[in-house]
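The chain that follows stands alone, in the form predicted on its own, written as C-alpha cells.
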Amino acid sequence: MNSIVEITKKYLSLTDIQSEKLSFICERLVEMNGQLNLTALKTDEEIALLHIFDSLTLLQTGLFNGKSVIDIGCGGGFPSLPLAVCSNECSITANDSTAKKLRFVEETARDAGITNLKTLLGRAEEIARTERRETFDIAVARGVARLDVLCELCIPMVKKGGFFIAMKGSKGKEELNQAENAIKVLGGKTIDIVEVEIPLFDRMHTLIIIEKQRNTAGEYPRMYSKIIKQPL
C-alpha cells in the first residue's frame, strides 16, 4: 500500500478498493509531477492530508449521493479524483482550461478503473454560456480564485435547487463577507459554513455551501477580464 494512502487511512475510513485506486492516483501524481507541474506539495504528509483528505471533506456535507458534480479548475485532479473514488454514485465532470493537466486526470481515471469521471476542457465562463449551463447538481472549486470571482464562474453552472461548494482556507469567512452581493445577484444564498481541521498541519479549511435558489440572469458570467476588474 502506498505510504500516502496509509497516512490518509489514519484519519479516514477507506475500503480496500478505494485504497487501491487512491494509491494508484498518488503514484501517478508523484511520477508525472516533474513533467506537468501538477502540485506544489512534495511530502507524503502534504499529499495525503492537503490533497486527499482535504478533497474528501466534501463528503461531510452529505450532499453528494447520486449527484452530477462539476469540479471547476480541477488542476491535477483534486478534488475530482478522490471524490470519484469515494463517492462512486456521483457523476463527476473534471473541468480545467489546461489541456495537459486535464489529459493527466483523464488518463489516471481510466487506468485506475474509475468509471464515473469524465473531463471537460475549457474556461468556466465560456462553458457556462453553452448547453452545459445550469445542468449540474453541484459545482465545487478548490482554491482557483477569491470567492467573489469564483461565484460568477461556478454558480451559473448549477441548476436551480443545486449547490456551489467553495473549498477555502482559513480566510473563507472573510472572503464570504466580500462575496455576499455576488452570491445574491447570481441567484444563490449561503446556507452553511463548515470548518474542517486538517490533521498534523494545525490549520482550518472552510467549506462554504451556497444553494442556488433562482436561475442566474443571462448576462452572467461576464468575460473573465471584467469579472476580475469589477467583481459583483
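Quick note: we count residues from 1 along the sequence shown, nothing fancier. On a predicted model such as this, the values are computed, not experimentally measured, just so you know.
The same protein also exists as the form predicted together with S-adenosyl-L-homocysteine (SAH); that form is not shown, yet it is the one meant from here on.
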**Message:** For the interface check, one of 84 to 92, 158 to 166, 136 to 144, 108 to 116 should have non-hydrogen atoms within 4.5 Å of S-adenosyl-L-homocysteine (SAH) in the model of the complex; which one?
**Reply:** 136 to 144
**Request:** Using the partner position in the model of the complex, report whether residue 51 sits within 4.5 Å of S-adenosyl-L-homocysteine (SAH), counting heavy atoms only.
**Result:** yes
**Message:** in the model of the complex, is there a heavy atom of S-adenosyl-L-homocysteine (SAH) that lies within 4.5 Å of any heavy atom of residue 128, even though the partner is absent here?
**Reply:** no
**Message:** How about residue 96 - does it come within 4.5 Å of S-adenosyl-L-homocysteine (SAH) in the model of the complex, if we only consider non-hydrogen atoms?
**Reply:** yes
**Asked** Is residue 132 close to S-adenosyl-L-homocysteine (SAH) in the model of the complex, meaning a heavy atom pair under 4.5 Å apart or at it?
**Response** no
**Prompt:** At 4.5 angstroms, heavy atoms only, are 75, 101 and 124 all close to S-adenosyl-L-homocysteine (SAH) in the model of the complex?
**Reply:** yes
